[in-house]
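Consider the single chain below, provided in structure tokens and representing the form predicted alone.
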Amino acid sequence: MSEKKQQVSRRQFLNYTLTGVGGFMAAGMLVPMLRMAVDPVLQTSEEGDLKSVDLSVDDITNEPQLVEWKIDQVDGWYESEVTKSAWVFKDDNGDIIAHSPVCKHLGCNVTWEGSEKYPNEYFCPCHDGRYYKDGTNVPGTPPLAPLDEFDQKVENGMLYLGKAKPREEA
């Protein structure tokens, strides 16, 4: 090894010092922005929670009925109360079905028996979209997928609904 030590010039020292201080200041500015972008992603999600729709199972018939309930929604740091809705009925086997009212074509709301020409079907007034009672889309109409179905459970005779999930394509 060489016994000669290399001297750092004044110019190199200032260059190293200013680079270090500049990097430290840049990190000080970037870390809060990075945290602001990442923090909402790391928060625990409450989407899977089921909420009571204040509808007794005994009140559910074979005819679809629109039910509405409120959930607390958090978007980043903004909290709001949002109204959700679903078409709820019992099928021929007595199972409870809860369809999302959002049309899979353009996101308009469908209504049950909303058209005089097509009774006993869900109807979307935006582009004449139609769905059968089981939520599958009528072939030849604008929607290309069936209505979403809500997660659900029955507890103490009351219906609880969660998040709407897509079904397989018809």
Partner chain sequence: MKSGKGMKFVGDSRVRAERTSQIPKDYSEYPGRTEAFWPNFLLKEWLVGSVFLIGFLTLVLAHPSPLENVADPTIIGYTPLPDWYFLFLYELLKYEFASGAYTLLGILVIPGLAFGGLFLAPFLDNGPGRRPPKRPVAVLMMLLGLTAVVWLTYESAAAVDWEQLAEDNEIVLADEVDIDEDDPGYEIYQDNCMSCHGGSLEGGPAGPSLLESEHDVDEIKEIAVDGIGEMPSGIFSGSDDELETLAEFIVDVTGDDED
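Numbering follows the first chain given and starts at 1. Just so we're on the same page, rigid core means the largest C-alpha set that superposes within 1.5 Å between forms. Treat the numbers as computed from the prediction; the structure is a model and nothing was measured.
The same protein also has a form predicted in complex with its partner chain, omitted here; what follows describes it.
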What I'd like checked is whether Leu50, Ser52 and Val57 together line its partner chain in the predicted bound form, meaning each has a non-hydrogen atom within 4.5 Å of it.
no
Even though its partner chain is not shown here, does Arg10 get within 4.5 Å of it in the predicted bound form, heavy atoms only?
yes
Contact label in the predicted bound form: Gly22 to its partner chain, heavy atom within 4.5 Å:
yes
With a 4.5 Å heavy atom cut-off, would you call Gln152 a contact of its partner chain in the predicted bound form?
no
Classify Gly28 as contacting or not contacting its partner chain in the predicted bound form by the rule of any non-hydrogen atom within 4.5 angstroms, answering yes or no.
yes
Would Asn156 count as moving between the shown form and the other one, using a Cα shift of 2 angstroms or more after superposing the core as the test?
no
